[in-house]
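Below you will find one chain, with nothing else, as structure tokens; this is the form predicted alone, and questions on how it binds or moves follow later.
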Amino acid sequence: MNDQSLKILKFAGLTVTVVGLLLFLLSPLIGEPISGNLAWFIEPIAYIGAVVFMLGSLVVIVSFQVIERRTKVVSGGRTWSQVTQDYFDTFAHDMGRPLRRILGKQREARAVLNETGEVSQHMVTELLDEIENQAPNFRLMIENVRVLVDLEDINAAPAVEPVDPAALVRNVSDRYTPIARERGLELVWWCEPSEFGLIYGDGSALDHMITNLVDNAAKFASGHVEIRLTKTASTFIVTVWDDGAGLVESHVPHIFDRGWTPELSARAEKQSSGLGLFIASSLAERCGGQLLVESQLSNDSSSGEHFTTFTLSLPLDNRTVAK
């Protein structure tokens, strides 16, 4: 099997996986026209989506196993089988929590339906709201795995295209506003100058970096997340600030390590896969920039102030970096 065939196989597997996931998420909407009862057909459609998702995942695994036979070792001394295992461990971990939230609402609706023969509009709305709130998590999970695969190619260069950073920040903010609202957070963003203009860079990578930073901030903030977009003569800067508890000083050097989370040092259950910040930092370096972190614990501040700030700096014109 040649390289082109492998790419087609991986793409087909990822496509089927995404279709299965979308089928699962949209099962309440699909069930309504089929059954005439919004809640009745949710579970069968959800099961079909789960099966399609697993089939797609199997295709992707097979493609990686073929690569393993052809290429025994990749960067860092890990075999392709280890890389494959890492990717799907990440899939299982990141998918687990949003699925449990959605399925919890579904089970509530099912129990009420079995007991009364009908489901209230309020319960249906709650289920649909939960699907909407968890959709960004699924989107980010799939994108993280895709980017991890791309990062294994050390010779890959960032794309260069005209990009509107202000529009990207606004889109990310719009995606996470419902999530922030559900968690009782205020999410705001602003840029200076207000007419920011275009830069030349990798729009997909920039969107992914900002998404991971905002996702991380929304998990740990106490009540407020702020995204700032500014620029200098040669760079533009995205700053993501949250008023969370802050980072222990000894944790800061490890915050961008692949798979590391603060729970590891306490031997507690991981609340995230530890990949988002690693991916954001790796993409920043590939695009000719850097990602820095500053944090303040409330215990270490006389004023009691606590926060964490991630500062992403990238060139305004990435055409020279790409060359």
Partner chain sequence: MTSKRSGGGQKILVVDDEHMSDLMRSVLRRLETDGFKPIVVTPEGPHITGDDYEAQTLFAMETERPAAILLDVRFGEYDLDRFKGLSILKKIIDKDGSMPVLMFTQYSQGPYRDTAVNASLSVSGSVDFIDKLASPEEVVLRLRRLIGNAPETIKIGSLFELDADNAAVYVIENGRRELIREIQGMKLEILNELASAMYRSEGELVPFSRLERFSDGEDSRASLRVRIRELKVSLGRAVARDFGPNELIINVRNRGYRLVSPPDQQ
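Numbering follows the first chain given and starts at 1. Please read all numbers here as calculations on a predicted model, not as lab measurements.
Below, we turn to the form predicted together with the partner chain, even though it does not appear here.
Chemist: Should Phe236 be counted as a contact of the partner chain in the model of the complex, where contact means heavy atoms within 4.5 Å?
Modeler: Judged by the heavy-atom cut-off of 4.5 Å, Phe236 is well away from the partner chain in the model of the complex.
Chemist: Is Ile102 near the partner chain? Define near as a heavy atom within 4.5 Å, in the model of the complex.
Modeler: Result no; Ile102 lies far from the partner chain in the model of the complex.
Chemist: Check whether Asp174 has any heavy atom within 4.5 Å of a heavy atom of the partner chain in the model of the complex, and answer yes or no.
Modeler: Heavy-atom contact with the partner chain at 4.5 Å: present for Asp174.
Chemist: I'd like to know whether Ser194 contacts the partner chain in the model of the complex, with contact meaning heavy atoms within 4.5 angstroms.
Modeler: Contact check for Ser194: yes, within 4.5 Å of the partner chain in the model of the complex.
Chemist: If contact means a heavy atom within 4.5 Å, which one of 104-112, 244-252, 224-232, 120-128 is the stretch that engages the partner chain in the model of the complex?
Modeler: After filtering at 4.5 Å, what remains is 224-232.
Chemist: Given a 4.5 Å distance limit between heavy atoms, list every residue of 175-196 close to the partner chain in the model of the complex, or none if there are none.
Modeler: If the 4.5 Å heavy-atom criterion is applied to the partner chain in the model of the complex, 175-196 yields Arg175, Thr177, Arg181, Glu186, Leu187, Val188, Trp189, Trp190, Cys191, Glu192, Ser194.
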